[in-house]
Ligand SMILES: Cc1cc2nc3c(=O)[nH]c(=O)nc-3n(C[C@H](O)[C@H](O)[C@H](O)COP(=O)(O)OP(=O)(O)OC[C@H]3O[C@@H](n4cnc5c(N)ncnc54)[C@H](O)[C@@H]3O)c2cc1C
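Single chain ahead, written as structure tokens, the form predicted on its own.
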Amino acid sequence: MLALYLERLYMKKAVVIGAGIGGIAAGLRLRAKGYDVEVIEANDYPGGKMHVYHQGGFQWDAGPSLFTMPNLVDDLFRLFDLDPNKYFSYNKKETLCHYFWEDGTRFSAVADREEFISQTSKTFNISTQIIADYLKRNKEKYELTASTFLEKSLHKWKTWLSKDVLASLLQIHKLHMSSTLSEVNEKYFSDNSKLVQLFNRYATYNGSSPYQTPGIMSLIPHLEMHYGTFYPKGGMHAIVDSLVNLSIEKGIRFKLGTLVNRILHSNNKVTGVMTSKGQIDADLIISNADVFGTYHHLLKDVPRPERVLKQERSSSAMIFYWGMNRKFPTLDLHNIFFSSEYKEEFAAIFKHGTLYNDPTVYINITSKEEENHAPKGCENWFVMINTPGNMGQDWGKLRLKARDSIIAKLSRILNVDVAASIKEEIVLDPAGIEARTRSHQGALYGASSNSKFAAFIRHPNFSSQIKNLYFCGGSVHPGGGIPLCLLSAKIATDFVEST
């Protein structure tokens, strides 16, 4: 301990604001570069949206429930030449998701590409060649854009002058930037509305509408199908626990229950932060806080990038954490119950700022993987619907409406009395998400991608006004969700020289 203390005296000091997954990753990357790192978090727990609830013998992951691209987590351990498997483990899922429709149609999407094509063809009576062509085009989109849009800053000229970008621009017609995701899916699957709906749902992975987000977003199913989906042992919050343990092991300090009130700067360079518990000096700062709040509360004396901050926010969510007093053999880890009127559902969310009467319902059940997440003979249901952000709606009234709609829908499709099976309940709505995570309007993914220009308008990972101030997390480039938050931390810290 004394040696570490003496070493810190000669280190440059970095402060990370916010202990979400992006902030923790940024802290680890800065530590690997030789910085003395302190992570400051307003809540009394790390992880941000990746928290956990316990009640009545049940355990639920509070936030993200889908784990993809685990290599991005593994990379953080390998920064220190460590074996990730010694810190946490995960298994690849053979089934991606179970889908349900009101007319009794059910479909289990498998991870194996050839089997997926075969089963999709049989279930939806469509040519295997059409499905194969669609998946191939999705792969091309990803390969043409990933190194630029996901792994590099879009706000540096050297990105646009690279060979990868120039090659992509020559094939921009393949990206479907001028069509919506739904229009692309309708082109391929014009005779099958259910298959269009299945692939349209991937717009929700970045909190957008398939009827507005550009067709390039069809690369998202490629990510899921090519890399697979995984389940981390212990639940999603186990990812946070493992990274926090690694951080502490490497000398990173966490100040929990501490609110940052202001980012301090002088002569256009950061000098530290003022917190609810006093001032902390710093040579470098990374804000993992929502960029809207960063400017409105922490940088009040700095001109705001109004065009960026006025972007339409992504969707939020209403989540019912239900402890069920029985098991449901037809369900798996991931389950989707589709709305009968998908277009009207997204119109309600993004145009009218309310809930649709027949929402699409997502159910995540981690007790399917680990039985100790629920009492014997029971299941822990994470039941979520997409919602607009918090703009002053009467969420108490909307909660009751949503609960009734969800229970009625699930009872019809599963042919059981769902309400009678609910033993425990916790509810989280957009206002609650905003309060707990300080994400503006409770948006899950920062700004929406309901425009072909959305990626270019997102806030960069660095400040053009204040030296040594950087940004990461779901509200800045490249976007929200665990993989993109981890990539944002890498992009931000790649600007930083090792000490």
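Everything numeric in this text was worked out from a predicted model, so none of it was measured. Counting begins at 1, following the sequence as shown.
One more form of this protein should be noted, the form predicted together with this ligand, which is absent from this view; the next part is about it.
The partner is not drawn, yet in the predicted complex one stretch among 303 to 311, 394 to 402, 259 to 267, 189 to 197 has residues with heavy atoms inside 4.5 Å of this ligand: 259 to 267. The putative spot formed by Q59, K92 and G323 is not touched by this ligand in the predicted complex; no residue has a non-hydrogen atom within 4.5 angstroms of it. At the 4.5 Å threshold, heavy atoms of L28 stay clear of this ligand in the predicted complex, well away from it. The closest heavy atom approach of S65 to this ligand in the predicted complex falls within 4.5 Å.
Using a 4.5 angstroms threshold between heavy atoms, A447 stays clear of this ligand in the predicted complex. By the criterion of a heavy atom within 4.5 Å, I491 is excluded from the residues contacting this ligand in the predicted complex.
Along 465 to 490, a non-hydrogen atom within 4.5 Å of this ligand in the predicted complex is carried by G473, G474, G480, G481, I482, P483, C485, in order along the sequence.
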